[in-house]
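A single chain comes next, written as C-alpha cells; it is the form predicted alone.
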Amino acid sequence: MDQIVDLYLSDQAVQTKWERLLLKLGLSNFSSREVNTIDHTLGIVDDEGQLVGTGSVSGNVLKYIGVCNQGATPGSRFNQIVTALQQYQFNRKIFHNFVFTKTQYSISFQHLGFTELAHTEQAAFLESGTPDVNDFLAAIPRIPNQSSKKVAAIVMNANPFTLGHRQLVQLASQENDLVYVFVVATDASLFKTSERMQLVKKGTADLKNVLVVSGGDYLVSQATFPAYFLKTPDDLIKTQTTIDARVFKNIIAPKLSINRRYLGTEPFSHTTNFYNKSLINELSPQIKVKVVPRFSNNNQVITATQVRRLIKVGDLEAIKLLVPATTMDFIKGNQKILQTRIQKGMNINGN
C-alpha cells in the first residue's frame, strides 16, 4: 500500500532520488530560484519502497507535483499527494493555496476543488480555499455609481515611490473619476511591502480620487511565479505576464468597473517592456491602455533603480531630486536599515 512520507531535500541522497523521479515525469528545472524557496516536500512510496510521487509547498503555493501512475488506479496518487499537501498546509494554518501547473492538468486540480483563475497554452493558475479572489475584491473600497464612472488602474512595485510614480498617478487622477493604485505584494524588494504601501499612500494623500490598495496574491509578481515546468526565461516572462493580464481583465477589472490601465514606458527593463506589450495585447479593446512616457528631472530619467543605487552610496542630495518629500523623509530616517539590507545581499538592480 502506498504511503505518504516527508522528504528532506537537505539530504543530498533524498534530493537526488526526488530529482530523478521528476526528470522521469518531464520536470527538469531544479534551479536555486525554484528549489531554495521550498518550505517542505512530501513523497509517495509504494510497497517496494520506491518513490512514485511527490509534491512541495512554498508559502501558499503548491509546486513540483508529479506522480507515476504505473501499478496504481489513474488519478489516485495525484489525489493522494494534493490532499496530503493541503492537509500539511492546514496544519500550518494556511487555508488558501495556489497552484501554477501545465494547462493539461488544470482539470485534475479542478476535480479536487480548485478554481481556475486564468490559463495560457502552457500554464494554468488556480486557487483553493479562503479568502479567495471574491473575498479580495469584496474588501476593496468603491465609490457611488462606480459602474458609470471613468475608473483607472495602475499597478506598481514602487521600490521606492518616486516622482515618476507620483506624476503617473497624478495624470491618471486628472483624467479619471477614480484611480486604483495596486501595490505589488512581495517582500523580495529592498523596501518591504508594508513600507511601499505607506510610501504610495503618503505620496498620493492629496489626490482625493486615488485609492491605494494591495495587489494581494492576484497581481502576480515574478518572485512568486513558479517556472520549473517552463523551458526558457522568455517562456516565463510570456506566461507570467499573460496570466497576470488575463486575471486582471477577466476577474479584477469587471468587478471594479475598471476601464483604463496606465503604464509607464520602460526603456531599461526587458521584462517590464515585454509585460507592457503583453498588457496592451491582452487588455485591448475592453480596457483602454494608456502608455505614458517615462518622466525625467533635469534631463535625468527617474527610476527607482537609480534611487536604490544612490541609497547604497548614501547620496541623499541626488535622491532628493528623484523622490517626493514623503519618500525622502522615510529614506533619511531609515538610511542605515536600508543600507544594511543591501550589504546583506538584497538585490537593488532590476525593477
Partner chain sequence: MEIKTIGVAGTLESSDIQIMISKGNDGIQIDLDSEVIKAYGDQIKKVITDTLNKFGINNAKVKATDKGALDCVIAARTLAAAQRATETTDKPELEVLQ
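Numbering follows the first chain given and starts at 1. All values reported here derive from a predicted model rather than from experimental measurement.
From this point on, the text means the form predicted together with the partner chain, which you will not see here.
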query: Thr103, Tyr105 and Asp235 all contacting the partner chain in the predicted bound form, non-hydrogen atom within 4.5 Å; finding: no
query: Interface stretch in the predicted bound form with the partner chain - options 83-91, 162-170, 117-125, 179-187, non-hydrogen atom within 4.5 Å; finding: 83-91
query: Proximity to the partner chain in the predicted bound form, single hit among Gln198, Thr265, Ser269, Gln110 (heavy atom within 4.5 Å); finding: Gln110
query: Contact flag, Asn79 vs the partner chain in the predicted bound form, heavy atom cut 4.5 Å; finding: yes
query: In the predicted bound form, Phe95 touching the partner chain (heavy atom, 4.5 Å); finding: yes
query: Partner proximity in the predicted bound form: Asp135 to the partner chain, non-hydrogen atom cutoff 4.5 Å; finding: yes
query: Contact flag, Thr130 vs the partner chain in the predicted bound form, heavy atom cut 4.5 Å; finding: yes
